[in-house]
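Here's a solo chain for you in structure tokens, the form predicted alone.
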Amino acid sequence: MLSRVGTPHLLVSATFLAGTGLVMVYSASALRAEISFGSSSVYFWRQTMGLALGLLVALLAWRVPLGAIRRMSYLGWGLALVALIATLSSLGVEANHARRWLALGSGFMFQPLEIAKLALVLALARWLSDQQIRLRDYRFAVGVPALLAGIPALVLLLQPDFGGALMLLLFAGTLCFAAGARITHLAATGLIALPALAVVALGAGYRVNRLRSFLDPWADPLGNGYQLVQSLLAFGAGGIAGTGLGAGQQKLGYLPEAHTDFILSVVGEEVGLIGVLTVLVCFAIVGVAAIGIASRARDTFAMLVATGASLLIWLQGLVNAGVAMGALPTKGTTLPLFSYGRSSLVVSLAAIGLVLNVARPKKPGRKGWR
């Protein structure tokens, strides 16, 4: 199956997600933009500019030799860490009781976490590919990768962003597994980390409330369970075929973050189960195509780059969908390639470009990767 799903399927699915997402962003944000800015198309045009920038970045990620990307990977990790730390300074912008954004003037902001995800993937790909003969040793197979993911994760906890920190750790564990680390080493590390993560997760009252609302959102439908209840109502109203594009009601001030975290709920209401399944199938195709490309990569670094880059898209997409449908506790995260968020869109397209880079055939007469 993997041999039959490749670059064309990846391109078609990613293009569909980005293009359809642009339409849904306008549908979900028009009223909010009209109230906030006096123009219903503000978020649409911002997302369009993000898409244009993302396509340029994707082109670079596709054309720059993998050898050059490899050499810059540790530098990229360091710069991403500096950007994360900067969110805790006066440059950081606080929203919803967390400092996750950097303001660079002229109203331009970006979320360093998105860059940190990609930088971590590249740094891990380089380290794990360089240590292939020593991956039976815990220090090299798990110890150093745990530091590469753990240091930025600690900074994220200070913002605070528990979900983002957990996502970095999941990326690290998955790439270590793909590289050939021992299952026993990974399992032991997970068992050691779980109590600490549980303490952090339950140490903040708002996280406990989120967990309670996840378990029973109807116990407090106007309080902690409000987001999930409104999301489920949107899916229920849409049924099989939806109420019609633009005809949804939940986005009219009822569903919080309709154009970002809960845009899949808007899809469910306006395009129905058919639309939701179409979006999820596209994410599945992106994941399967990327895994197929990774399985055919010529070296370990390229394989890990394709694997990690695809994780940024399908794993985060799975988390976003799980939250919107009530299968996972509420966590603020965008739907890659689809929902509003220029930082996420640019990095997601860069990830697609990296996977396409891995899929490029090696030019005759050249040794190794370009």
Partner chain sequence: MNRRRVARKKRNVAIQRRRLMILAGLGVLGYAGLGARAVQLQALDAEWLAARAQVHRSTVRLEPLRGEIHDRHGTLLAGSAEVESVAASPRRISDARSTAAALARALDLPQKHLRKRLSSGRSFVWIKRWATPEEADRVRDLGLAGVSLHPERKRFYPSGLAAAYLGFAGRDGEGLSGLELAFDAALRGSSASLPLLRNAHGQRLIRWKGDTNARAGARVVLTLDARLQHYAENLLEQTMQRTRARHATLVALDPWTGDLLAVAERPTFDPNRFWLEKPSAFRARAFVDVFEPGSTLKPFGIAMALDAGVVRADDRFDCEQGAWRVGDHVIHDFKPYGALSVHDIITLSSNIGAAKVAEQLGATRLVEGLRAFGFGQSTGSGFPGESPGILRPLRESQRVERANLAFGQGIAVTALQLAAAGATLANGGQRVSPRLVLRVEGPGGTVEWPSGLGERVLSESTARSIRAMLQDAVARGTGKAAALPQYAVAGKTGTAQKIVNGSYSKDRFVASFMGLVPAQNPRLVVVVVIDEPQGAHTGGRVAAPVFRELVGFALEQLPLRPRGKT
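Positions refer to the first chain, counted from 1. Values in this document were obtained by computation on a predicted structure and should not be read as measured data.
Keep in mind the form predicted together with the partner chain is missing from the figure; the text below concerns it.
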Check, residue by residue, if 218, 254 and 322 all come within 4.5 Å of the partner chain in the predicted bound form, counting heavy atoms only.
yes
Just one stretch in 140-148, 229-237, 159-167, 70-78 has heavy atoms within 4.5 Å of the partner chain in the predicted bound form, so which one is it?
229-237
Of 183, 199, 95, 191, which residue is found within 4.5 angstroms of the partner chain in the predicted bound form when only non-hydrogen atoms are counted?
183
Out of 288, 102, 122, 115, which one falls within 4.5 Å of the partner chain in the predicted bound form, going by heavy atoms?
288
Closest heavy atom of residue 153 to the partner chain in the predicted bound form, within 4.5 Å or not?
no
is_contact(residue 59, the partner chain) in the predicted bound form, heavy atom dist at most 4.5 Å:
no
So, in the predicted bound form, is residue 209 in contact with the partner chain at a 4.5 angstroms heavy atom limit?
no
Though only this chain appears here, would residue 327 touch the partner chain in the predicted bound form if you measure heavy atom gaps against 4.5 Å?
yes
Under the 4.5 Å heavy atom criterion, name the residues of 257-287 that approach the partner chain in the predicted bound form, in sequence order.
268, 272, 273, 276, 277, 280, 283, 284
